[in-house]
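Heads up, the chain below is alone and in the form predicted on its own; it's given as C-alpha cells.
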C-alpha cells in the first residue's frame, strides 16, 4: 500500500494551514450555510476550493468602446442595455437584439443557434458583447461573444474601470445567487491581503527551479489581474500545481511499490516462451525482443512489475504479452488477461489458444455471456489452478472468480478501465506482476500524466511481413469506382472489409446501416461469398463468421466497428469505411490496422457520406498522409482534447480544473521532476518545510484513496 501522508502531531491540518485557505466555505463572508450546501454539490468545501474556481474570461472595462464612436472593421467590447429584440423572417430567419449605451445603438444578429437567447435577452438586460463591427443600415455585430451582466455600477471598482473576472455559471450558481457580480464581492475580501493571509505550500526551492510566482500573488492576480499577462502568469502557476500534486501522488504510489519486496520473482523458466517463438511463422522484431527482455527482467525481480506497453496496430503486443504470461504459467502460477469487450475477449482467447497450443495449454475464457453452468465449470478451473491462462471481461472482477495463484495480470485497452477496477483484479493475487497494454499510442505528456507511476515500453517497429497500406478518401460520386476495387480484389483472391458505423438504420440518422449494406453487396456481387458481423450477432456466430473470413471461406466481410481490434487476416488487402467523416481519427487508424497484415500493398478507401467539416477534413488528410500511430495520436489529441481522446474518464484521476493538457503540456515534465525529487528526498514529507505541502496534498487527495493506495 502506498504511504498516505498524515498531518504531524495529531493536529488538524485546517488549524495549521493559513486561515483563509483552509476556512470552511460556509464561514466565508457572504456565503453562509444555505449557499455552502449548494456549493458542496459543486465540490467546493473550503475557501481554497472557491479561490481555485477561476474566471472563465475577463472583461477589460478600462477599455470599453462607446457605440457612438464605433468604426467599421473594429474588434471591440461594448456594454449596453437591451432596448428591443425580435425574430426577423425573410431570406434567412435571424434573431436581432438592439442595445444602447447613451451614445448610440448597436444591432446584434444571430443567424443560427439563437433560440435559447430569446428567453434571456429581455428588454433592460445589460450585456457585454465582443466582436467585429460591420455596417448595414447601421452598425452591427454578427454572432457576438456575449456576457449578461447583472448590473453596471460605474462607481464600484470591483466591477468596472479595470480588468474584471467573469466566472463560470450554471444552475447551482444561479440558485445560490452567486453569479459573477456577487461572486466578485465574495472573493475580493479574501484576496485583499493575500500576501499575509495565504501561505505558499510549494517550497521556495521548487518555485525557484520552475520559475513560478508565489501562491498569494497568483491567487490574487488570477481573480483581479492588472493586465491580461498577469492573469495568464497566475493561471500557469495554479495549473502547474495541479500537475505537481498528481505527479506527487503517482510518485508516492510507485515508490511505495518499489520499497516493498512482497512480490515474487518468477523462476527463470523460459521453455514455453521459446516454444511459442519457435512456432511463430516469422521471427520477432528487434523491438519485440527488446521489450520482452525489459519485461523478463521485471519478472525476475522481487519488486512487482508495473509496466505500460505501448504499440501501434500490428506491432505485435499480444505476442509479447503471451511470452510474459508463458513464463508465469510454466512456473506453475496463473496469468489473467482483462479486456473491455466480449468480442475482444473472444479474439484474444482465439489468438492465445493458437499461441499456447504447442505448450499443451488451453486458455479459459470468462465473459458475461457464458451460461451459468459453463461459468461455474470454468470458475472451478480457475480456482483450482488448472487454468493457467485466463482471458475475460469485467466478469473476471466479479465475486466468485477466485484464482489459485495469480502471478501476472495483463490489461488491454487500459483507458477503458479505471484505477479501482485494475486494482480489483490485482488484489485477487499476491502482488502479481502487472502489464498494461494500449494499441492507442499515447503522446508523451499524456502518458506521464496518466501513467506516471509505470515503467514504459514502446514497440516502435512493425514486423517485416506487414505490407504497405495506402489510404485515399472519395465522395459518393466514386462509388462505382469503389465497386470496381472490390471486384478486382476478389479476382486477385484478396479479401475485403466493408465497415459501417451503425448496426441498423436510425430515424435520426442518414447513415448507411451494416445490414442494408450487406444486402446491397450480396445483390451486387452474387458470385462472391459475403459475411456480416456486428455487436448484436451472437458471440458464437460472430466468431464463426470471422473464422471463415480468416481462412478465406468468405470474400467480403461487412461489419460495424466490432472488427476494430483483433481480426488478423493476412489475405485482407482492401478496406472500405463508409461515412468515414463520422469516425474519430484513432478509430479510423485502428480499423485500418486490420489490413496490411500480409505482404504486398493494401488499400483503405474512406468513403464520405457528406461534405466533411473542417476538422473531419483534417482527420482524413492525416489518415492519407501517414500510417504513424504516434503522429496520428498527437493530431487526435489536439483535435479532440484529452477527455475525448481517451474515450472514457479515468476513474480515480482528478479532473483538472485549471490545467489543460494541450495548452499546458510544457508544465508536465518540470512538475513531474519536482514532485519525484521531493518525494525521493523526503518520502513521508516529514521535514518542517514540507508541512504545508503535505497538508495541501491531503486536502486535494484525501478522498481519492484509490489513487493514494492503488498498487
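For clarity, a rigid core is taken as the largest C-alpha set superposing within 1.5 Å between two forms. Numbering follows the first chain given and starts at 1. Values in this document were obtained by computation on a predicted structure and should not be read as measured data.
Unshown form predicted together with a small molecule; subsequent notes refer to it.
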* Consider residue 316 of the chain shown here, and say whether it contacts the small molecule in the model of the complex, taking contact as heavy atoms within 4.5 Å. => yes
* Can residue 609 be called a contact residue for the small molecule in the model of the complex at 4.5 Å between heavy atoms? -> no
* Could you confirm whether residue 111 comes within 4.5 Å of the small molecule in the model of the complex, counting heavy atoms only? => no
* Asked: Just to confirm, residue 531 within 4.5 Å of the small molecule in the model of the complex by heavy atoms?
  -> no
* Looking at 324-332, 618-626, 194-202, 282-290, which one sits within 4.5 Å of the small molecule in the model of the complex if you count heavy atoms only? -> 282-290
* To do: Could you check which residue among 181, 597, 253, 307 gets a heavy atom within 4.5 Å of the small molecule in the model of the complex?
  => 597
* Asked: Within 4.5 Å of the small molecule in the model of the complex, heavy atoms considered, which of 423, 103, 465, 353?
  -> 465
* **Threshold 2 Å Cα movement between this form and the one not shown for residue 354, core superposed** => yes
* **Core-aligned C-alpha movement of residue 610 between this form and the one not shown reaching 2 Å** => no
* Taking the rigid core as reference, does the Cα of residue 238 move 2 Å or more between this form and the one not shown? -> no
